[in-house]
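Below you'll find only one chain, the form predicted alone, shown as structure tokens.
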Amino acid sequence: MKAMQSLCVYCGSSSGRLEDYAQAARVLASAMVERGIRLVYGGASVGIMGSVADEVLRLGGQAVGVIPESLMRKELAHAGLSELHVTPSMHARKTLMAELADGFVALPGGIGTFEEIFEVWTWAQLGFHGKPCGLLNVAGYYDGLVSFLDHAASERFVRPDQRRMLVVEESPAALIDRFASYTPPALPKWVGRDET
């Protein structure tokens, strides 16, 4: 796999209940800047999204935002980014973010964050890309989801190799290190109805 130059970070436009979430965003930002990895994210200045972008910029890194026109006001687009792309739709936003990134990580967030990481993970298991996907499990935020995904694998709705495609770590540095050595699994020659 080529060196990781850009990482797409999905995260909430809310700050959540715990300060741990924003702190983890800042630690992730620091780990990215130390490694020369550019941030690609949803373009907002608020919540966890704002925390990760602000810290990348404070440390002299590159932060690229991608936001649909309809959310420019609602999510309060960040005015100080290295680049800000305004898209006509959510679909266009997600497509552009995927094109700009070499990997995808979900920090704590809500429904939109879940949908985004699940979509790129689905694209990976279908062979549309070979980029790593992961969860940064801050303060146990994703414990319940990880347990459910393991259950889905044990019930044979998710293949073991598909489950392993979603990297889960509690430390930003450990997650980035695993992304750097990530090799996508070989895809089967065909995918049966019960394997998608």
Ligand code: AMP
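Position 1 is the first residue in the sequence shown; the rest follow in order. Nothing here was measured: the structure is a model prediction, and the numbers come from that model.
There is another form of this protein, the form predicted in complex with adenosine monophosphate, and it is not shown here; the text below is about that form.
Taking A92, L71, L100, V86 one by one, only a single residue has any non-hydrogen atom within 4.5 Å of adenosine monophosphate in the predicted complex, and it is L71. For the residues V52, I67, V33, L166, the 4.5 Å heavy atom test against adenosine monophosphate in the predicted complex is passed only by I67. Per the 4.5 Å heavy atom criterion, adenosine monophosphate in the predicted complex is contacted by stretch 41 to 49, the sole one of 23 to 31, 41 to 49, 148 to 156, 129 to 137.
In the predicted complex, no heavy atom of L96 sits within 4.5 Å of adenosine monophosphate.
Although the partner is absent from this view, Q125 stays clear of adenosine monophosphate in the predicted complex, with no non-hydrogen atom inside 4.5 angstroms. I111 belongs to the set of residues with a heavy atom inside 4.5 Å of adenosine monophosphate in the predicted complex. Put simply, G12 is close to adenosine monophosphate in the predicted complex: some heavy atom of it is within 4.5 Å.
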